[in-house]
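Take a look at this single chain, the form predicted alone, given in structure tokens.
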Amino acid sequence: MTVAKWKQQTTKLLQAGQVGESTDLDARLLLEKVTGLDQIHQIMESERILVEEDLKSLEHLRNQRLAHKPMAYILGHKEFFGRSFLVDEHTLIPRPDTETLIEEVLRFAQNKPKEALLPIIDVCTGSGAIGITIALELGVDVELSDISKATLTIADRNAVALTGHPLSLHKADLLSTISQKYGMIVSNPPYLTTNWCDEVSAEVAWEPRSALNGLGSDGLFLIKRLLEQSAKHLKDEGVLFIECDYRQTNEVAALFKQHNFKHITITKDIAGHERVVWGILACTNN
């Protein structure tokens, strides 16, 4: 079978299986992963005959995609804020919506002395995409925390690959075993309800449920704990940024107020949905 014929066949199969919205691109990327041929060379070598070994590998990957396995897991990486991050099935796949969180952090940090922001920690770091991106954009080190050892392994690899050196890692249940006080805490914690988890798409269902389910009837159990802990782990005038679901932002903002935060702000993502809640911890004069 030729390169062109395999791409055509795969595109049709993915379309018939209602897999994703970019079947042409998926077919091309699967082909590139196995053969090393980029888009230009796939066109130039469209009549190249694929060897049996490549066809077996391609069929294996195609079957995974037909089972709605996300392309990010098949390829082993995902772009976020213009950089490529390693991901696997232990980590949540970074999403464009989460770039809103980065943009809010950068907007807040603008024209502020770096010393006032430090130290910074990314809680529930997953692949490390949020913390590493902030580290690179601000030119500072950011600590990374997650309850999963396997996830921290991926975050560590991303940190070294992208920053050139390891970042401090904490295997912790939120901030429960950390004694440090921070100038900034950022987090994209699990926040879906059990029902919302059951309703996710076939692709999202491949992602670790522990990274999605925020527990409790409202999905806010972990966020409530994080806010309680953050109030104790932030310096006076320290800032907390949390990503959550648009159906929760008002409740989360109320929790910020309850825990003595001020200048509480809700920000919309690129789709126009409320996505990020942040606030500054009021000075306690202690």
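Nothing here was measured: the structure is a model prediction, and the numbers come from that model. Residue numbers run from 1 along the displayed sequence.
The same protein also has a form predicted together with a small molecule, omitted here; what follows describes it.
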Under a 4.5 Å heavy atom criterion, is Tyr191 part of the interface with the small molecule in the predicted bound form? yes
So, Arg157 and the small molecule: in the predicted bound form, are they within 4.5 Å at any heavy atom pair? no
Heavy atom to heavy atom, is Arg83 within 4.5 Å of the small molecule in the predicted bound form? no
Taking any heavy atom pair closer than or equal to 4.5 Å as contact, tell me whether Leu92 reaches the small molecule in the predicted bound form. yes
Among Leu215, Ala135, Ala109, Val204, which has any heavy atom within 4.5 Å of the small molecule in the predicted bound form? Val204
By the heavy atom within 4.5 Å rule, which residue out of Leu162, Ala211, Met71, Leu117 makes contact with the small molecule in the predicted bound form? Ala211
In the predicted bound form, which of the stretches 163-171, 145-153, 92-100, 109-117 has residues with heavy atoms within 4.5 Å of the small molecule? 92-100
